[in-house]
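The chain that follows stands alone, in the form predicted alone, written as structure tokens.
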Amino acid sequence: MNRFMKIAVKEALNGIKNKEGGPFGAVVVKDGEVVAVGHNKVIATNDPTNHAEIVAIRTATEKLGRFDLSDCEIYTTCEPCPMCYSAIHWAKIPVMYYGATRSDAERVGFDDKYLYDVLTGLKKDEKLRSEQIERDECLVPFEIYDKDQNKTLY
């Protein structure tokens, strides 16, 4: 078994054993060395964003002191949900290895398929009412940001 995926599986099992969250573990690797590990901690923290990939990415960015992980790769026990996929994208991680699929996650009660269907336009979102308001006022910070010559792009 791949040594990094083995660590991710161990993390997932630790999270389950400690009743901290679902069957998910992740490892961020740089130059063949483990930078950070994480498992799902949604239940332990009452934070619905505390997925394994997010935990590992947060730990890696803190440890490395930067938000750009473009020289890293991530190993995760399951194909990521849309939020985690987006976090991997925003961290600029160029390589992801995953084990189980989103269908496997769905079989044990996770509704990633619903999110993917909504995001790809296959289904109308019936769980979230969304309404745009106050656009002009909300554009003011965007205009100020756009004019800032010293901003850090990410």
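Since we're looking at a predicted model, the values are computed, not measured. One-based numbering along the sequence shown.
Beyond the structure shown, there is the form predicted together with a further copy of the same chain, which is absent from this document and is the topic of what follows.
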4.5 Å heavy atom contact, Ala87 to a further copy of the same chain in the predicted complex: yes
Proximity of Val35 to a further copy of the same chain in the predicted complex, heavy atoms at 4.5 Å: no
Non-hydrogen atom contact Lys30 with a further copy of the same chain in the predicted complex at 4.5 angstroms: no
Close approach of Ile7 to a further copy of the same chain in the predicted complex, 4.5 Å, heavy atom: no
Residues from 8-42 in contact with a further copy of the same chain (non-hydrogen atom within 4.5 Å) in the predicted complex: Val9, Ala12, Leu13, Ile16, Lys19, Gly21, Gly22, Pro23, Phe24, Asn40, Val42
